[in-house]
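Below sits a lone chain in structure tokens, taken as the form predicted alone.
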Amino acid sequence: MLLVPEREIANLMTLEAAFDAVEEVFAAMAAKDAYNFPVIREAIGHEDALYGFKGGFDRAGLTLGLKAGGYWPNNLEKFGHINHQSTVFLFDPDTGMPSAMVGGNLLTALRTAAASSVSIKHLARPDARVIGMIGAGHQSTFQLRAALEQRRFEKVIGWNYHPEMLPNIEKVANEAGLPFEAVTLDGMQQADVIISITSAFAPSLMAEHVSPGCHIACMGTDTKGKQEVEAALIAKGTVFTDEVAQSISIGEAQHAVADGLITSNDITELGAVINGTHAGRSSDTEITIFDGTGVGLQDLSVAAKVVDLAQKRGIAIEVDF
């Protein structure tokens, strides 16, 4: 079995490699060549932690495994560790034997950013020039860096519940040579692309904050009850997702479905656009929405990529198991 420790991930995985892995697995899912297993997510009753498992099998890439981990809200303050902790385990699909164990913390951030980046490539208007960020936490910096690869953006705007955190995304904008402007939510009307990446349980982005032709990547809602945008906005746009079952149960679309504004039949897998079986955006005025719920196959695909890279560079640690 091969080990790729967390400390090695930053020197192995690139935005481009993560993007390719996620795009490929979304396509495989839409083609029914890959599928996710049911998600397990539990409050364990210790340290206020949430713990769970995501897994799946990609027949096309012959990738089988799971990600184990969750959220420990006291980690940073009490132990000096980041609050999100995860590890990916890969297995040989021919024998069931374990093939690799990979640090999953940075990979989770990269694969989440890659998903919204893939949605921008396939759904945003080609002439998109202003990108808006809702949220300015740790994950927002990964989101913005990945998104800036997909269009010739000329300006970054941002809003956050805690304005003092906006320098996090301003720094990324400045690194890319782009101006940054802190705005009110009404100011999001100037955005051609909006990425929402918060952990909110109440919507901040409303339909009146979004202009015709905008593409919105909703990346923070991955649990029942979470919500970043109002249900009326979901109903107003054309909705795409990583996996429909998760979108309607734990994703941003859960609220619009519960309110009877849309049904599962109104939601399309992004992989269908990648495969060319769905046209994607139909006009320059259409509002497109990507409900990025985060699926286990994303984790497995980027982990498999990093194992390959680690082997090629002689960094993977081989152990008897």
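Worth saying up front: this structure is predicted, and the values here are computed from it rather than measured. Counting begins at 1, following the sequence as shown.
The following text describes the form predicted together with a small molecule, which does not appear among the structures shown.
- Contact between N174 and the small molecule in the model of the complex is not found at the 4.5 Å heavy atom cutoff.
- With a 4.5 Å cutoff on heavy atoms, T87 does not count as touching the small molecule in the model of the complex; it lies far away.
- Not displayed here, the small molecule is kept clear of F79 by more than 4.5 Å at the level of heavy atoms in the model of the complex.
- At the 4.5 Å threshold, heavy atoms of G135 reach the small molecule in the model of the complex.
- With the partner left out here, the small molecule still marks one of 87-95, 198-206, 121-129, 150-158 in the model of the complex; by a 4.5 Å heavy atom cut-off that stretch is 198-206.
- The candidate site formed by R111, M219 and T293 is fully in contact with the small molecule in the model of the complex, as each residue has a non-hydrogen atom within 4.5 angstroms of it.
- Between the small molecule and the residues N75, T238, Q189, Q139, the one pair within 4.5 Å by heavy atoms in the model of the complex involves Q139.
- The partner is absent here, but in the model of the complex a heavy atom of M165, alone among A245, M165, A231, L106, sits within 4.5 Å of the small molecule.
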